[in-house]
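As structure tokens, one chain now follows by itself in the form predicted alone.
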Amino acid sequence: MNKKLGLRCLNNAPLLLFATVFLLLGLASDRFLDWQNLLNIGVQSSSTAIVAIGMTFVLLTAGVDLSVGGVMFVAVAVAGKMIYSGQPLWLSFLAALVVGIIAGVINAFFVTRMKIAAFVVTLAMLFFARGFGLWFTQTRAMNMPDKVTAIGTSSVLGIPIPLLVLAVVCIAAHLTLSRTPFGRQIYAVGNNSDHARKAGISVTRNLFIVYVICGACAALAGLLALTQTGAVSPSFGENKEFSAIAAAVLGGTSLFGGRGKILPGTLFGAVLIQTVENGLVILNANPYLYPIITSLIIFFAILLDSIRSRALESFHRRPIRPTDFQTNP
């Protein structure tokens, strides 16, 4: 009974932590509980949440994608250049999504066909994308016209567009993982790829698709961030890969694959990270503390996943009784 209670607390740790942080920040500052501030937290977390959703697909297969920050940068750099050259907004945004998909395809090719470790492939893609983006923009910031930022500040039926986009992506990803054969296959691959292959599941195809999904989510997250910041800077998307991993793991996704969910898991993780950052700003905390707090969140997320994995393994382990070794004379 105690084990079940402890396991339940571990599985609901993101929700408990979110409630604790929310309560403490609410007590520390009245401005935190202001409706407009809470809405801002949701809008500002939309970009991190979407890239974390893509990361969740990859983590479920026991992989990782460290390139998402660089992909975000190069995708919006391409979109920004096209907008400056007078291309239609829809075409520029579409080009950014294509860039994200291409990056995902390249990652997937080397991981699935060349059998190179995902950590190595995506780390190389991170540096390549960042370098290519800096060369492409000549390390110059590009301020976007008002029509771009208008998207980030507009609402439909009183709901900000970034939140609507996030809702669509969340629901689509949740239904894909929970209601489709593809989703069940992803969990099977993450639990044990050899058993999944013996069961007739195409491990290569599923791995290929999840990296493409992650690349597309990174590009979409970059576009959402662009509509809010209104500029493409040389530091755009930096360290987003760590925030995405932390958000997914805080939401219950295992680094070892086979366990995790989008709702409320990854979404809660992303909102939690943004809530902490927002609280630090409201409390006028020292800006030098921000990366320290972020690093602690990442460490806590990894520690929590390790504890949760050991607890699950212990809970499902069959106790050995002396009678198990008794044989008939």
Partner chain sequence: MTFLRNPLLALTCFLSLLLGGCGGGSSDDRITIGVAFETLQTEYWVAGFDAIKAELEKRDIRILEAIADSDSNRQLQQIKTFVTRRVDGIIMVPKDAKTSIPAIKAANEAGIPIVLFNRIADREGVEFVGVQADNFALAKATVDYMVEKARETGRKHKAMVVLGDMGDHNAIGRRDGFFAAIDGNEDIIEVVARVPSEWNQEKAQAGVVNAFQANPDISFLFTSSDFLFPSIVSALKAADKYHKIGEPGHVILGGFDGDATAWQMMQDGYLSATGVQDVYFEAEASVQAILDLLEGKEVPELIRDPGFVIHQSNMEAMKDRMWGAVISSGN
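Residue numbers count along the first chain shown, from 1. If you superpose the two forms and keep the largest set of C-alpha atoms that fall within 1.5 Å, you have the rigid core. In this text the structure is predicted, and so the values were computed from the model without any measurement.
Another form, the form predicted in complex with the partner chain, is not on view; read the next lines as being about it.
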| So in the predicted complex, are Thr122, Arg259 and Ser306 all sitting within 4.5 Å of the partner chain, heavy atoms only? | no
| note | Among 232-240, 158-166, 200-208, 100-108, the stretch whose residues bring a heavy atom within 4.5 Å of the partner chain in the predicted complex is 232-240
| field | 4.5 Å heavy atom contact, Phe300 to the partner chain in the predicted complex | value | no
| message | Contact with the partner chain in the predicted complex for Ser178, defined as at least one heavy atom pair within 4.5 Å: yes or no? | response | no
| request: Using the partner position in the predicted complex, report whether Ile171 sits within 4.5 Å of the partner chain, counting heavy atoms only. | output: no
| in the predicted complex, Ser47 touching the partner chain (heavy atom, 4.5 Å) | yes
| said: For a quick check, can you give me the residues of 27-65 that have a heavy atom within 4.5 Å of the partner chain in the predicted complex? | reply: Arg31, Asp34, Gln36, Asn37, Asn40, Gln44, Ser47
| query | Does the C-alpha of Thr294 move 2 Å or more between this form and the one not shown once the rigid core is lined up? | reply | yes
| request: Examine Asn40 after superposing the rigid core and state whether its CA is displaced by 2 Å or more between this form and the one not shown. | output: no
| By the 2 angstroms cut-off, has the C-alpha of Ala62 moved between this form and the one not shown once the rigid core is superposed? | no
